[in-house]
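Considered here are two forms of the same protein chain, supplied as structure tokens in two stand-alone entries, structure 1 and structure 2.
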Structure 1
Amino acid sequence: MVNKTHTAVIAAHADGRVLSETWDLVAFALQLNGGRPENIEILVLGDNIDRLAEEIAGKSGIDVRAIFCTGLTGYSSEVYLSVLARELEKQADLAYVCAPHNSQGMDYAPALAARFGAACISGVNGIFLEEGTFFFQKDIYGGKIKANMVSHTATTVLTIQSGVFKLDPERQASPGGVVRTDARFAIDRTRFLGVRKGGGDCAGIAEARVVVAAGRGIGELENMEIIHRLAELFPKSAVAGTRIVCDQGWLPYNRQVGVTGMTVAPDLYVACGISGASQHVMGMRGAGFVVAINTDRQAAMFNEADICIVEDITTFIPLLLEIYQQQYNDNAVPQAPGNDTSGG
């Protein structure tokens, strides 16, 4: 295999702001290049990206190629694919393309890899070098196992899980240069009709000191009641859930914690019947103290917990509440039979 040396980082931005994923990508690319920025270039695509390009070059200390796509207001898979393919083809020594493992990178990176015949490794959250070969780590089987992947192709496309590789805030770097170029593109078959704003109301979960979260182990809607009752044990608490629980309609989507939901950092996070897939875990890593309850001793959630309890939540939580009543009930915690309104 030819030893190629160039790393291209595809910046992520939305609504005129640099997304934090971009800094994670920079941190990853630096690690991949032994801390040296010489062989790295950051590509920024879009309309009106002057200020974004300067900000990225300034903070990263890495050269930026600002690719002006006049009229491209947001993200477009069609434009990203055609423009990136054309720009990167010029780079004869292209070894790595680093894209964010978010709604943009997950959308265009595999197609870009297919176009280049390049290996594609998704959701990279670890990297190590052994005998001159890079091994890229990623979660498989819901995070129960990590896989060590190697690439056999001269160019490799990677999507990098956010929140894993962090740019050192103390890092001193002289700003990188900005090269400006114009890209012609045509939007043929995909028409962007705008963004429908969701979110906003997050049912007080972001402010809660204690978050009691339910996963698929809940089993059925009727069992949500014990989650609400457990939450009532704690002052300033809120009930949240995984994507699956919200998909089932057991909780509204504004209570979903994870990559496609909210990110929370309460003092205590109680994970009830949650398997612990990375999509969920990314949303609660900042919690102060984590208790996980799950029937599966090997649930990935236990790797993210301070206290692990192998029990069925549907029997364990009622028992816990009963014992609490007996042993701690000086201030008479009211039982809430059927008049629970915290479900939102």
Structure 2
Amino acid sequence: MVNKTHTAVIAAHADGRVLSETWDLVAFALQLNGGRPENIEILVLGDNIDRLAEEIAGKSGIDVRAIFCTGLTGYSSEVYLSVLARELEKQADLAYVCAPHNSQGMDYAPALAARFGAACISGVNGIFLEEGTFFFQKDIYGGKIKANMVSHTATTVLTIQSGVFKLDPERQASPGGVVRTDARFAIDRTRFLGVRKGGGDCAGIAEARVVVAAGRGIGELENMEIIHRLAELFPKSAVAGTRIVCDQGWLPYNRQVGVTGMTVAPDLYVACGISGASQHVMGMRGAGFVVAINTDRQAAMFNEADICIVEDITTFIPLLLEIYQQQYNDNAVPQAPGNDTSGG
């Protein structure tokens, strides 16, 4: 029997809305606590966060501590670290701190662990209990191996991968309470200059029913042509890529899928030459059906795929396009004599 312990969840929000990572954290914390909301508290930091706190408490059924940081209109690692450390120190039986495995959580979580002298396990995507001990699962070696890790410190800071733990849609819970507190903070080393969003419209890959994504394994820029040609076979499709593809300038950053890019959930996701690192997988785990094409039989992407194709994309995709075109021509309606616009 596991003793009850206190779990703190750090809510993720931006632009006045609760991010999906928050609900993933809530689902994880509930699983960690046997489905019970007791001994779990959600902390939300920022300015004008009343509505956010009420929304989180209402949907999660868990008590929320709304920490008002007047003037904190954007994320600041300096503020998050100082305020969270001060607030969490008040909890004598603190066992777990759960943060999102996004650019913000990965920024402050290790520093927070160092402040507490706590263990820090990042990128958690699984959990199981064995003989009274919690084991936390994460991907290592680029996603090719899953490691089960145990913490030996009184407090453990965890970052949780998004898209893995989901709240039960049929779960009924009474709204949690909201406790409001004001936090004083001083920013000495950093200064928030605002957020500059990348150019272009991200709606293309976010709304596409089919996403064809390119990774480092496509080889060279010239091979992007066949990626685009493959995407053209499908209605409501879009081309996306991993961070390395965008870093090389082969696609704009608004086409990047992953923890530092977009999160997509198309009906079909075709991964071309993508190794399957956890940072990318986090952005496409909600896809309905996944096809992976890679020459590496051990590619971690194959663990996420419904169909695995071990082949070079420069061989497989042109062959697929050729077969499609042949079948299209064979099934075409013959043109009526003297009428060039019919058929096809």
Partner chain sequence: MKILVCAKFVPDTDHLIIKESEGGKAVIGDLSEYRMNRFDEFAVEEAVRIKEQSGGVIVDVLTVGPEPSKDVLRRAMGMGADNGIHLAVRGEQYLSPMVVAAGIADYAREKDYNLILTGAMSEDMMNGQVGPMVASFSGLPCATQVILLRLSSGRRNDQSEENPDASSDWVAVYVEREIEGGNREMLEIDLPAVIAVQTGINEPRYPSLSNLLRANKQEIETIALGGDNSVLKAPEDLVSTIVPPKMRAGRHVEGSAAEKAEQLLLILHDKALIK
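Model, not experiment: these values are computed from the prediction. Start at 1 and count along the sequence of structure 1; that gives the residue numbers used here. Rigid core (definition): largest C-alpha set, two forms, superposition within 1.5 Å.
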Pair member that is the form predicted together with the partner chain: 1
When you overlay the rigid core, is the Cα of Gly258 off by 2 Å or more between structure 1 and structure 2? yes
State yes or no: after fitting on the rigid core, is the Cα displacement of Asn39 between structure 1 and structure 2 at least 2 Å? no
Can we say the CA of Gly219 moves by at least 2 Å between structure 1 and structure 2 when the core is superposed? yes
May I ask for the C-alpha shift of Val270 between structure 1 and structure 2, in Å, based on superposition of the rigid core? 3.2
Relative to the superposed core, report the C-alpha shift of Phe234 between structure 1 and structure 2 in angstrom. 5.4
